[in-house]
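Next comes just one chain, in structure tokens: the form predicted alone.
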């Protein structure tokens, strides 16, 4: 429970209706998109400006109260679960598009703006913001920045970090800093912009972002390549890149995913395929036609069983929507869906999928795999039931081995979902003790009282999945 004097101060800062400590508000912000994690905050606050965020942080710092800043809470790493109580700061009131600068091709936006709404706005102006996480219809720009979200277009266009060129952020002390700006070149000191992107709300509260925009591609073409041999699909991915072709989208679905997606989207996909590649190229029409034809030749050489090229944009959007709905389709199978994002070099995709299948069989659990083949970012997804404690334990054991396998194959424990609470026990596997020490030092400088999203990124112990039972 918060100190009564602090509660009064917080209400004075944001107004009576924008601070709540009733049970309804606390329960509603006790969890995020990650299954099986829940912890009650002591209060929920909805700031409307940077000045309010600054005043809130000064008050919380004075009383030593933790804060978890969040947008829609769609993350899948337990990144916004308030495991140490305190205050949840919801950024949805700060949701304005402040400026689109057509001369510098930048946009300045508040963190609470929904990603899809931002994308639609800039596209209406004839511009393009490439990051497209699957959650973009509900996730916020601030959440995307906190987690450094990727998406289907990451292979060609990069991820959120490649488009954030300036930030305004509030430190734990309440001080406001500005980093970067509308500059394509800026080497003045350490790159604090890049440091804050992907910091998961552990270093500062982001209150404004300047984003780079690019001209949209003139044309697009989308195709499906279906394989009865998993390695054929994997070799196709590697050969496309070897041939110096960088598709806008190069996505992978394994057989279990194909089955549930087809049942969900009614696409008439062949259910006897081991793998499907969804490939989209964009650019000037001549280049797109040439690349799609070369990709078709590679698919045929690797013995694709069937190749379909979308004839219309509507057909292409249907295929892309089907891939984006893979998580939703899998979630219909069982009460609990756990989606991870182990990432390997793309040359090891087939090996990783087979390792995942072997591990799933070893522990007797159901795991389907889909993901971004072009950048080796796979999403092994377990369908299970949180009420079955024994099965959940086996799922956790399976994912621990999957992370270990990813590291062994030269990969990482997370490609785009972030560390948060779920991956914290495995972070040292990737960065080593010295890397953890450097990261802890950075955290100490930004947040000496450990008030910003405590309990995330740094685990008390390694090799054990954390399951919180609080509140």
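All values reported here derive from a predicted model rather than from experimental measurement. Positions refer to the first chain, counted from 1.
Form predicted in complex with a small molecule: not shown, discussed below.
Heavy atoms within 4.5 Å of the small molecule in the predicted bound form are found in one stretch of 197 to 205, 220 to 228, 358 to 366, 256 to 264, which is 197 to 205. The shortest heavy atom separation between residue 29 and the small molecule in the predicted bound form exceeds 4.5 Å. Taking non-hydrogen atoms only, residue 327 approaches the small molecule to within 4.5 angstroms in the predicted bound form.
When contacts are judged by a 4.5 Å heavy atom cut-off, residue 146 counts as touching the small molecule in the predicted bound form. The small molecule is not shown here, and in the predicted bound form it never comes within 4.5 Å of any heavy atom of residue 82. Distance criterion of 4.5 Å from any heavy atom to the small molecule in the predicted bound form singles out 91 from the list 353, 382, 91, 304. Note on the partner interface in the predicted bound form: the residue among 395, 76, 277, 87 having a heavy atom within 4.5 angstroms of the small molecule is 76.
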